[in-house]
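Coming up are structure 1 and structure 2: the same protein chain in two forms, each one given alone as structure tokens.
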Structure 1
């Protein structure tokens, strides 16, 4: 417990990928940093990764394996929304404890949506400006993969060896190549060789259920120890940030917090605040931080905080490759994704929509018999068929671009408080015309891939896409235009100069790529800017 009278140089709120980068870099830069995390620490011994489904109370049907990551539940309401979901993960490390570790760079065109496609807005920075930070992050966390010389998926220079492919992925590759569709080594923040005093992956297939050996990058295993050895770091778990408090000049002077276990309230003071709570909670915190200077919420003089909520649209395909049906089962757990299908729709000429999609392949653990969902029947014959098709199981998941629109947003409801007395977040989201057009083309292409496989294919597409696969972004966006953005290109609030927001909420727009690597690169760039400004005495 920190001394309530102590004032820190920096208060980092949130301990996920963004918060971890900010804490490490600023501590190494000489700042006294306190990190606040709403949830507890999770010891690797608490992970249920290697439990078989039959060892769990609900046979794996109710997400028991990820129960340790969802210690604190927050009431989230959805009003006038399509079938989407936003994530609440409150533990030290945030989503890095159960992410799938796919680490992709945005392409140059992804930062220039207005210039390239005439939609949304251009970012206030370019790929060229962010590329050195991508490189530093990849070296810091350890990313395996290869340079495939694709303009749509820029590569780094220091990848670890790629993960070997499964038999099913070789078969997918043979079919896709004939269609002009690339299948490449996945790029993941997972170790294939010893690196940074961490062991390599032993291919148990539980990347999203917690890695008990630290082969998958997580904040607690890879970043916070580096912050701690500086002597400048203080971690406060089980500490919920409810409101940012401002002084007479309108700068943030403290954050009002409540202890999750005791319900005790106090203030944590600092000279500078980095909000890294993830897209929903960062917007919620700013909107709930109302004062005479900021009656509509902190940093919200233009009413943009909470707006432009978006993420990935999703769908998928399951297939059972007939070449493997009935062979003796063999271990193909691996490291979930081993290959990736990068965006390719732009290679076929002009479309009637903007953006594209990528496919993640075999992204779920094989320990749960996923094919059992698809097969009809009961009894001995059903069980025999489940076993028969297991060796040939192949899954593809669509991750597609969603357009950032101001009407899609997070608000808060003062009439509905959570157990800590804070207004809950309310999600308002509808897919737009471009989203539907892109989704329809993606499932058409997915169907064509299935038709080119010697397989029993299951295509259960609904009437609309779903989202966001924990990839929501955009509610405290950066931008060139002060009327349509909250932050400048260094993730700094225009209204409040000692406030930074560096998680996914800062994205101007999104692409089909997973956002985490970009979140970390932006956080590193913001941390360098803060260190520079502190040396000059301007922060």
Structure 2
């Protein structure tokens, strides 16, 4: 427990990918850092990764295997929203404890949406400016994969060996090549060889239920020990940040917190605050930090905080390759995805919508036969059929771009408080025209891929897109235009100079790529900037 009178140099709120990078870097730079995390520490011995379904009361259904990450709920509410979900993981390490570890760089064009497609805005930084930080993060966390020389998916210089492909992935590759669609080694923060004192993957297939050996990058296994070793680091789990408090000059002086277990309230003081609570909670914290100087919430003089909520739209298909029907079952678990289908729709010329999609492949479990839900009938023939097609399982999951629009937003409701007395976040989200057009083209293309496989194909399309698969971004966006953004290109608030927000909420726009690697690179760049400014005495 920290001394309540103590003032830290930096208070990092949130212990996920963004907070982990920020804390480690600033501790190594000599700053006294306190990290607040709303949830508890979860020891790997609590992971349910290797449990058989029949060892659990609900057989691993109802999200049961990820229950260790969801011990602390936030009373989030959805209003007038399409079928989407935002993630809330309150635990030391945040979502890094159960992410699928896909680690993709944004392409140069992904930072220039206005210049390339005439929609949204350009980011206040370029790929070239972020590239050195991508490189440092990749080397820090260990990423397997390869340089595939694709403009749409820039590569780093130092990848760990790629994961060998499954038979189904070779067959997908063969079909896709004929259609001009690339299939490449997936790039994931999963170790294929020993790295940074961590052992390699053991290919159990349960990456998203918690990796008990730290072969998957997580903040508590890979970054926090590096922060601790400096002697500058204090971690406070079970500490919920409710409101940022300002001084007469309008700078943040402290954060009002409540201990989750004792319900004791106190203030944590620091010279600088890095908010890394992720897209929903960061916006919530700023909106709930109202004062005479900032009546509509902190850093919100232009009313943009909470707006531009977006993420990924999702769909997919399950296919059962006929070549494998009746084959003796064999172990295909691996490390979930082994290949990736990067964006390809731009290769065929201009579309009547902006953006694209990629496919993640085979990240579902091989243990449960999903086809049992799709195949009609019952009885002995049904049972035999389910069994017969199971070895040929191949799945593709679509991750498509969603346009950032101001009307999609997080608000907070002062009339609805959670158990800690804090107004709850409310999600308002509708897909727009461009999202629908992109979605329709993605399902057309996915249907074509299915038709080119020698397989029984079950398409997974509803009447409208769904999202966000834990990839929501954008509610405290950076930007060039002070009227439509909250942060500058270094994740620093324009209104409050000792306030930084470096999680996914800082994204100006989103591409089809998974956001975490970019979150970490942006957080690292912000940390470098903070160190530089501190040296100059400007922070």
Partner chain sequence: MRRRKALKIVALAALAPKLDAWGTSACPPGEAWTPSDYQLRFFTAEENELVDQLTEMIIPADPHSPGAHAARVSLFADLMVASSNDAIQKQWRAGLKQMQEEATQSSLAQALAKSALHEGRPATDLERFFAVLKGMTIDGYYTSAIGIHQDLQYQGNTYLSAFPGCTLRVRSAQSGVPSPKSEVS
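Between two forms, the rigid core is the largest collection of C-alphas that superpose within 1.5 Å. Numbering follows the first chain given and starts at 1. Source: prediction; values computed, not measured.
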Choose the one of the two that is the form predicted alone.
1
Does residue 83 shift between the two structures by 2 angstroms or more at the C-alpha, the core having been superposed?
no
Superpose on the rigid core, then tell me if the C-alpha of residue 368 is displaced by 2 angstroms or more between the two structures.
yes
